[in-house]
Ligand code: IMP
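The chain that follows stands alone, in the form predicted alone, written as structure tokens.
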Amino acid sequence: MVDVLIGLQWGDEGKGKIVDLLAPRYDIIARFQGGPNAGHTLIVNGKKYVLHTIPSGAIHPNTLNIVGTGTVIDPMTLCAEMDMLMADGIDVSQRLELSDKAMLILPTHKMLDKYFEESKGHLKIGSTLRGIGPAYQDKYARIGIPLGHIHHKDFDAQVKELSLFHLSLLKIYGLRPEDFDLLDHAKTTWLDAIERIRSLSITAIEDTINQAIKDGAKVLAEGAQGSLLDITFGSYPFVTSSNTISANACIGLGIAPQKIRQVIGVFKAYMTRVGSGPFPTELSNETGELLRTHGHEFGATTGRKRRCGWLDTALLHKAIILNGVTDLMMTKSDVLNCLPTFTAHDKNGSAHEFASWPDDIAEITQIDHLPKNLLKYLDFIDHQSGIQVSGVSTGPQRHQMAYR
């Protein structure tokens, strides 16, 4: 049995918290797409963890964490995450399995990302500059290096050949001497990380997952970024480099569609976006700044300010349809009470104003016990989305959750 958890907006919906909350119900947590451009934040007993590659089940000692076939992996980022967890006594190395078909991110991929973005001028998409796009580009050009190749005899030759090709492109874009020096330094760190990763479990994860399902295991497929950033269905070209919708869980993990049981969609009570691209309900004013401040809306990966705006239920409804969502979870409801009133847009684009609530909702565990004004807002969302919200996050901590 496989359940899929995805974001329904432009990423940063709070998926990490929900995965961490649900993880004890599952045997396997598996990332199926994206790379270290994702930042899934977990806050456990006041301690903050930001995971970019390792699935959000890492905190739970009995959970197998799989990095799937549809991902791209930066060895340095992966090692840094393992060290961060180890510093808190969490050794995830024996509970981590990496797909041999996931693609490697080289230092030159990151540099290409930087120069590609610079070349766009005012049309920049707001890339995280983590090398994600160039790594996927090489995958589909069939010149990339799958992770499993680190055990091949000619691995060093493959890295050299691809790096030289990247350098030829970078010279066309005007590679600066100081960036060439940075690449030299990064190469040494990258190769050290490769040596560490060789000791990890690198396998055909599709075999692991399908056998586990056959044996009755429960799998949670963890999506990265958000549905509105999907390379195909998002606001192209202001999108990420992978398919972020639930259907890609099948390809990214190597499972058949009929194995999927539930699709859990996560969305914020308002909306945020990092980088460029259309944002119909954006608040470029003091209200938007207030939401950003109270919601701590700064990118977990880049630290950049997130653009803030009202909930757009037309986009929410579209994401629900595209993903076949069966369960809705809303986060950041506690942020809205920093305002006396707030707004949301219905499927026709009309604005609706709602009164906020002065109550502290952090310890409420049942949706029926939430303030009346918040319940009115939930009724509006239920009606516009066509699905009843089944869980509401009432604060950043793991236990701060209200259920229907």
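The structure displayed is predicted, hence computed values, not measured ones. Position 1 is the first residue in the sequence shown; the rest follow in order.
Quick note: we don't show the form predicted together with inosinic acid (IMP), though the next part is all about it.
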| query | finding |
| --- | --- |
| Of Ile194, Val263, Leu129, Leu283, the one that lies within 4.5 Å of inosinic acid (IMP) in the model of the complex (heavy atoms) | Leu129 |
| One residue of Ala221, Leu229, Ile105, Met271 in contact with inosinic acid (IMP), assessed in the model of the complex (non-hydrogen atom, 4.5 angstroms) | Leu229 |
| Candidate stretches 236-244, 198-206, 70-78, 250-258 - the one whose heavy atoms come within 4.5 Å of inosinic acid (IMP) in the model of the complex | 236-244 |
| Gly16: touches inosinic acid (IMP) in the model of the complex, heavy atom cutoff 4.5 angstroms | no |
| Touches inosinic acid (IMP) in the model of the complex: Gln225 (any heavy atom, 4.5 Å) | yes |
| Ile125: touches inosinic acid (IMP) in the model of the complex, heavy atom cutoff 4.5 angstroms | yes |
| Gly39, heavy atom within 4.5 angstroms of inosinic acid (IMP) in the model of the complex | yes |
| Stretch 270-284 - residues with a heavy atom within 4.5 Å of inosinic acid (IMP) in the model of the complex | Val274, Gly275, Ser276 |
